[in-house]
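There is one chain below, alone, in structure tokens, taken in the form predicted alone.
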Amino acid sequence: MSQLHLAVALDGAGWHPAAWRVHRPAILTAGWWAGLVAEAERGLLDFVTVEDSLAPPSELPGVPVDRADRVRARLDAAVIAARVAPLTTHIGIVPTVTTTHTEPFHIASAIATLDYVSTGRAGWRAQVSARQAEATHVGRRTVPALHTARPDRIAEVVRPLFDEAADVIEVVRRLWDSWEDDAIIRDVATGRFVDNRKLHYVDFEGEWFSVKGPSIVPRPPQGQPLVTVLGHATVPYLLGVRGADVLYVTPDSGAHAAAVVSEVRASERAEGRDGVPLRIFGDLVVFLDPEPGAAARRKRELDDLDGAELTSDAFVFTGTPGELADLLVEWRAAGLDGFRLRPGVLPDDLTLIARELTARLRERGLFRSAYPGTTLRETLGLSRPASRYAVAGGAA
């Protein structure tokens, strides 16, 4: 049996709204983030994602939070990633960047730069911004009032944002390809630093924007850094099929996971996706403790502090690392390639994921004892793609 892929999603003090009350963590310091990523790397995890948004954090995407007793501050995810990348050597680093309010040229430059400073371990979680409050922070456009839409109309309301996101991903990928791998020649004798024949215009014309190119950043070490998307329903699943390498989904049972995987695979066939199949990761919020029952008690105490039971878009697991390993094995049989775990409290649950869960999986022959390569694509078993322009040939 092939081995599981494991990632962790890092957000502030953890995914429980009261997590900040446990250790009063210094979430606005570089040391906090460096320590978390180092712990994940010691556990040989595939990669970490770093959450971001243009509005205060919320445990439910698209739902604003006005409570003063919850974390309402965060640092920029791409800047955190650039800070911690040189401090690590193997683990992938995947910041979240919105596709709705960030120009694709800037995203392509930032993630390519991250791939250079991490020596080939960069990725990007492409996220749609559907909140009106985020649009007002930027001030260039309006977005539909999602909270007033009827549930049966949500897909209709958000579909244009996801169609736009698909265009953003396509342009970012073209910009990464716009320099051929050997475009920089550094020929001192002739005084030529770059071979201009190997730089290409991307010439994208779409409904929302037009981009000429080429990129200002040469083709990154991985050629194409990892592109990931979180999806809860058909519309975001389609975005993953059209443009991503990894899709995070949120099943609530093994049967549900099988249904989601079946829908995504059918969408791949319908869209004519060829080449490497989409990697599908299950997302779970996790509270762990070696003592049976203790994790559930810890979560209840946090719920009491917060004054409400934790709600999440993802399944909430409480139990021992061994019990979580059992669940992952069961859900993996549904066709999932791996899991992105959201620690309820940092660093507590991350530490048990990195040290105890991986040990339980390794005992079953389901998790690695060393990193298989040096790049994130190698860790995930993905080849390095050739530049589409180099394949097509022709000068800019």
Partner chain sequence: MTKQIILAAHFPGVNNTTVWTDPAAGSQIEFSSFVHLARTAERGLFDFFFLAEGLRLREQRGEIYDLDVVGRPDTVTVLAAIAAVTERLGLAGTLNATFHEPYELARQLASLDHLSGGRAAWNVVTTPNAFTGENFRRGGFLSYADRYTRAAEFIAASRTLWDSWSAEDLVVDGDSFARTPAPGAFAFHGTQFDISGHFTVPRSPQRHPVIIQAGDSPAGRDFAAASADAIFSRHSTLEAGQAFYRDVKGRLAAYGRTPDSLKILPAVSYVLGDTDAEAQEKAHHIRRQQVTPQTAIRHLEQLWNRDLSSFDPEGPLPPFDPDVSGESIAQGRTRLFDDPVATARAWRSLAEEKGLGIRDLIIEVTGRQSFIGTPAAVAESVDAFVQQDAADGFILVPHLTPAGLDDFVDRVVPLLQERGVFRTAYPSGGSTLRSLLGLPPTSPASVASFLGGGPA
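All of these numbers come straight from a predicted model, not from anything done at the bench. Numbering follows the first chain given and starts at 1.
Keep in mind that the form predicted in complex with the partner chain is missing from the display, and what follows is about it.
Of the candidate stretches 100 to 108, 261 to 269, 314 to 322, 224 to 232, only 100 to 108 contains residues with a heavy atom within 4.5 Å of the partner chain in the model of the complex. Heavy atoms of Arg141 reach within 4.5 Å of the partner chain in the model of the complex, making it an interface residue. Contact check for Arg74: a heavy atom falls within 4.5 Å of the partner chain in the model of the complex.
Among heavy atoms of Gly191, some come within 4.5 Å of the partner chain in the model of the complex. When contacts are judged by a 4.5 Å heavy atom cut-off, Glu330 does not count as touching the partner chain in the model of the complex. For the options Asp303, Glu164, Asp289, Glu180, the one in contact with the partner chain in the model of the complex, meaning a heavy atom within 4.5 Å, is Glu164. Checked against the partner chain in the model of the complex, the candidates Ala82, Leu310, Ala294, Ile154 yield a single residue with a heavy atom inside 4.5 Å, and that residue is Ala82. In the model of the complex, the partner chain lies beyond 4.5 angstroms of every heavy atom of every residue of 333 to 355.
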